[in-house]
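What follows is a pair of forms of the same protein chain, given separately as structure tokens and numbered structure 1 and structure 2.
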Structure 1
């Protein structure tokens, strides 16, 4: 092993040790003090917008030179809207109830002592993410409010921006008397740092990867620490025979084109056979007008061709492809049962929607689709911690243990039992 790799490993181990020590302090800090730090961070971001934009410009220039796609550069950009979103998210998180110490259940034992189930922080959370620098702030404030220390490992494409934001977090912690090591950014993009981080299961209790499927699979396959994740977002929209076509057009276009490079964007469109000749051409024209490439099964292709709308043939592989681009796959189905079977086979348990005016059909869909978030007459683009009233999110989970869907403060907590008695012993 080279000296450089050894030095990186030692540095990451020290970061984890410092984080563990900070987490034990942070777990018992008052809500008032945590909120004070979060609100100070919001102020610091507002006070340092020009400096943040300057550092972000360095990352954008390097990204263009490296040949990053337009979608990746879009994720990387820290524009006014995203800066405002970070500030607003911080203030929302500060205003939310503190989950730490919440009593979940109480049981009076026959022997006379009390057993109370109480929400507590997980401990140290490692977040490994790509592109989006706003994740640095979102994760820092959520972990801080929930009493967890965090170790942030951003991608090399956002290194300058992440470093600038992390310095503001450290300043907010220092000014409010909280341990600066409660939030730490790994100061290198070397892969050796991540390889070390994923093995520190004595100091780190949870890993959350945010990024492309390749990153998430690498983390899941190489971590000795529990991982909360979703691999991809293969989101499907089903236009039922009882759908209002204008509503269906609006929802499908929004889900697909509002921000196509994110995990809650629509990737598949299912249309009920009874209305495909009437509804699909209108929806497809609206999508095409937004520059969306249409991939259709043979039945849908016939309808589109008869309406003079260009399309490409869809393959079996397309149904389970996360395009993250202006592309959508289209299939005709016989009914809601076939739609649910399709989603449960090809989807990724992320976010799926039905557009219909029939409550019975919608209820069947909401109950029958095995995804973390299911929608009735709502765009899938709302699967987001901010939109769900969580202030921000640390990630979206499609796992079935501990946390599912957008993860906010409560999902960053575990629990423990407090048992209080008066000398009882086991008979």
Structure 2
């Protein structure tokens, strides 16, 4: 960085210009070289565990000082398990097929030339994230493998850890002969840097915010660069009148309790009126046995009370609340149409499931629910890039444009058309 670049805005602009230049090189780098850099990074991380943990200790100490909650400190911590997770993740990404250069379609023009649609990187991707420092490495690697230059802007709590990780990334790039500016960490967590970054739409082609709703909302409202949003999941499970009750119990319990703090966990349970008296008590008892608090509309509450099961009243607000906790809201519906209308109104278009043995009802649900992933007799917990065979995941898009649902390497790409002829002109 030259000395005349003194203020934050110029510094961020320079980072973006360097990223743009690096992205043009990176777009045509061989898979071998990209994989070599990723594998070298895995080694470097392994070789530098004590140094990384030392930098992380600084962040943790500062976090305690600043009064971060236990959950926040937990997210911030880079322990042995998380470090080996990063290393293993890097090796997995290196082993994945390269998405760049794949031919997606070919059209033979009547005038005798060929139009080929080819997958190419998006260009420069800005990742804005909060306290988890492993995001630095995970995102850098996914962007690198997909041929994109990346600009990383991490949270201030993880600044020392992120800086140490980014240094290893730079080292892996330069040792491999790849442009060092292909991955850059913004060297300040000043808010002004992010505000500048979000307006650099000539250099940066895509912003992916990773974090809570507040961050995502701020980024989407202030960015002139297209943003791929990863909002929360308000996932609903519908037990149809033709449900197998044992299966319903198993899927509802799995969706709700397997890992309650993630976006593909169930939050709402709808039960068909015709079977609510028979099925709800069994399912509710299984949930209660796992420690789940039940919130119910008046009709479901009557059924639960008659069966001697405790519950609290559900309010209008509950239907669109992502608890991320052992709480579930229960409502009785007349049929699949009411269930679909409920989900399309209160859900977040993430993941929703029907449990039924009737194909016709299931088909209506799969077609009619406007969510990225709709399940028939499967737990919602499977919405995930690895489970979907993508091999890796940068997140789960709640947008409709570009990528929807789990985003892997292919979703980090755009395409271009290559037209090859022998002098054809437009008649």
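Numbering follows the first chain given and starts at 1. In this text, the rigid core denotes the largest set of C-alpha atoms whose superposition between the two forms falls within 1.5 Å. All values reported here derive from a predicted model rather than from experimental measurement.
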Quick check: structure 1 or structure 2 for the form predicted on its own? 1
Once the core is aligned, does residue 174 move its Cα by at least 2 Å between the two structures? no
On a rigid core superposition, would residue 204 pass a 2 Å threshold for CA movement between the two structures? no
How much does the smaller rigid part turn between the two structures, counted in whole degrees? 13
In Å, the rigid core superposition gives a C-alpha shift for residue 306 between the two structures of 8.3
Residue 296: how big is its Cα shift between the two structures, in Å, with the core superposed? 5.3
After aligning on the rigid core, report the distance the C-alpha of residue 323 travels between the two structures, in angstrom. 4.0
